[in-house]
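Next comes just one chain, in structure tokens: the form predicted alone.
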Amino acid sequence: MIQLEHLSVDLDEFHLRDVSLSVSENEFFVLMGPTGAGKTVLLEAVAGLVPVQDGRILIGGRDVTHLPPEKRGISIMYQDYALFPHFTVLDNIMYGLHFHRVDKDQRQERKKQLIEQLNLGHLLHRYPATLSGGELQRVALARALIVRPTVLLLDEPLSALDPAFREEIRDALVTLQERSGVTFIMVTHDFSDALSLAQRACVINNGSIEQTGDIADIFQRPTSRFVADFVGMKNCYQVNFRDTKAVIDGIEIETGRTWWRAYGYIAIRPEDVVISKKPLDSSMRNVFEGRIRSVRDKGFFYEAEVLVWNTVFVSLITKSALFDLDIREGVRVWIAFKATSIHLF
């Protein structure tokens, strides 16, 4: 559906370098990465809003690299909604059809369908200034979709919403994407949004793609230290590999498989590191004694740092476990984790 081939963009402070990416028809795809990574620039390049220095953009097999935005069959929705304040909700929704040849019956059918799907019937005569964040978001979605784009680009659509509206719009996005047949590409910083909405994603860093694949693979099997840090692995170490072991400052960690390089990285999610007050009698192949270096409140969980020799391991524990195990700074503990929870790259 969408094929980016060696795309390069130079906008002074923001750059894209040799970006190649493929997004399938009717897919919900997410672009992730830190602020300034180039996610919005990539959306705007696909939409035709910024010039491309090199490479090609193909949509449905058609080369649109140098076509104007209105010739690409794409809608883009920014996080600030960009609704016309002097237009009613209905006028905002219908605005895009002024630039498309659509007969009266089709206009009415599209309007009726979107108003029903997004529950906008009671808002049609109101103005944007009188709407809540969730209502503004639903109006902006209706305006973007009424022109029947082949692709909808969403730039941080949920970032400004409170949790109640966020869940509502997530549900609306899933329903719309499934029913409309439109390919969605969304920029987000929020991992829960990505996990809830997308089938596949890519992680962008400094204008280049670090990793592309299924959401689960990116979160569970990062292929670089940057991606491991970005998705919250926490425990990421440079190691020497010896047979099936990874060695960090004299600590030998059993990985359960041999690695093809002598040097590299391992990563372990903090929720896979178990803390106990005595060595666990279990099948876990990695058990080490250490001391609690710090404990931080993370809301529903606590994050405990355990110093094993000169290496710090991070574990997530519940509040009840914190008190039951008397986890506090300086306390001697054991940590354990499975060889299968270790990611090598």
Partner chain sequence: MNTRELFFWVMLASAAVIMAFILLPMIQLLTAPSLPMLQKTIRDPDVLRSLWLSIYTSGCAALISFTLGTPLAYLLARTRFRGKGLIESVIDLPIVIPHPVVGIAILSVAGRNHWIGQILSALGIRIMGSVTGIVTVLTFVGLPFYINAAKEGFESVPVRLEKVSRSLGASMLSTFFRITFPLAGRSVLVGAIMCLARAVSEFGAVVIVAYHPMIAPVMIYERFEAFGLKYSQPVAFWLVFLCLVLFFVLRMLTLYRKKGG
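A quick note: this is a predicted structure, and the numbers were derived from the prediction, not measured. Residue numbers count along the first chain shown, from 1.
This next part talks about the form predicted in complex with the partner chain, which is not shown.
This chain is displayed alone, yet in the predicted complex one of G250, P85, G121, G181 has a heavy atom within 4.5 Å of the partner chain; that residue is P85. Listed residues I209, A228, L173, I76 were compared with the partner chain in the predicted complex; I76 is the one with a heavy atom within 4.5 Å.
With the partner chain omitted here, the record of contacts in the predicted complex names 147-155 of 147-155, 252-260, 103-111, 239-247, defined by a heavy atom within 4.5 Å. Mapping the unseen interface onto this chain, L49 counts among the residues with a heavy atom inside 4.5 Å of the partner chain in the predicted complex. Mapping the unseen interface onto this chain, Y95 counts among the residues with a heavy atom inside 4.5 Å of the partner chain in the predicted complex. Contact annotation for R138: none of its heavy atoms lies within 4.5 Å of the partner chain in the predicted complex.
Among residues of the shown chain, E70 is one whose heavy atoms approach the partner chain to within 4.5 Å in the predicted complex. Residues D12, E13 are the members of 1-25 with a non-hydrogen atom no more than 4.5 angstroms from the partner chain in the predicted complex.
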